[in-house]
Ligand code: 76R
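The chain below stands alone and is given as structure tokens, in the form predicted alone.
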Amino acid sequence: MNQRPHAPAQLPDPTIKMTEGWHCLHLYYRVNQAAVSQLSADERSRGRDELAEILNPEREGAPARIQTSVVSGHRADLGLMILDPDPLVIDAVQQAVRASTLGPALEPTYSFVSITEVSEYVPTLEQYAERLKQEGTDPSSPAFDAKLNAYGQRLPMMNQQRLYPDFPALPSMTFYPMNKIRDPQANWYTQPFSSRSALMAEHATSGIKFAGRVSQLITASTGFDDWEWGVTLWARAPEHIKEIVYTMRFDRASAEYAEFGPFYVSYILPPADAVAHLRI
């Protein structure tokens, strides 16, 4: 007896937006002084106003998040971090800068494309309960229930911030890309999930010590850029950046398995102040 073939499963409509989370772009520019010199005083004045408005997070049509900073060192002068559900809204900022009066004077020197995510190493409530047991907390104790309930209350808020982050009100910032290495003697991707999860739990414990001093966002870039993750750190004071990166490099997850790219340190300013700082 012939059977009728099953109807294909209903697929969601094609989209460039994320199922959950946002697209993210880090973009760095260097001022080309020769191009600046070709502009009249009126063009430079008009261009500064244009650029400040393009980068204004309150303007109509602005991305969900856009932050401006001035960059230390010779590799860049101006840094942008942009997040939005629609990657074309993000790209529109880049194209607006390029097409602006100051566009010829602003050379892109580095960019990093990524997406927000909830890492596979963030424990679910059930996994956190197992971790408490492994750490020796008695499941029948009030302490076990208190810790589990506290984590259950924090988890939705933490995941919301990972997927749809707000920028913290902190003045110093650094960004760097990173990979987990695939060395034959230390290949992260050949380790069982339980081992990787335990190493990342140790790594997270080191970071928690900097609560209030450093805020972190890790975005995923596998398939989007040359590295696997981008790490953005905001700090209450510049030295906290050095302290957290140095401290966490001693964790096995970093010491044995991490590879780091270039670091871009910058300082957050409102768009008009950042443009004025560039002395264009």
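Just count from 1 along the sequence shown to find any residue number. Keep in mind it's a predicted model, so treat the numbers as computed, not measured.
Here the subject shifts to the form predicted in complex with the ligand, a form of this protein not shown in this document.
- You can rule out all but one of 204-212, 72-80, 134-142, 89-97: in the predicted complex, only 204-212 has residues with a heavy atom within 4.5 Å of the ligand.
- For residue 227, no non-hydrogen atom is located within 4.5 Å of the ligand in the predicted complex, even though that partner is not displayed.
- Although the partner is absent here, residue 231 sits close enough that one of its heavy atoms falls within 4.5 Å of the ligand in the predicted complex.
- By the criterion of a heavy atom within 4.5 Å, residue 124 is excluded from the residues contacting the ligand in the predicted complex.
- Within 4.5 Å of some heavy atom of the ligand in the predicted complex lies at least one heavy atom of residue 260.
- None of 113, 129, 170, 200 but one reaches within 4.5 angstroms of the ligand in the predicted complex through a heavy atom, and that residue is 200.
- When the ligand is considered in the predicted complex, only one residue from 248, 62, 36, 52 comes within 4.5 Å through any heavy atom, namely 248.
- Taken together, 20, 67 and 161 are entirely out of contact with the ligand in the predicted complex: none brings a heavy atom within 4.5 Å.
- In sequence order, 162, 176, 178 are the residues of 141-179 having a heavy atom within 4.5 Å of the ligand in the predicted complex; the partner itself is omitted from this view.
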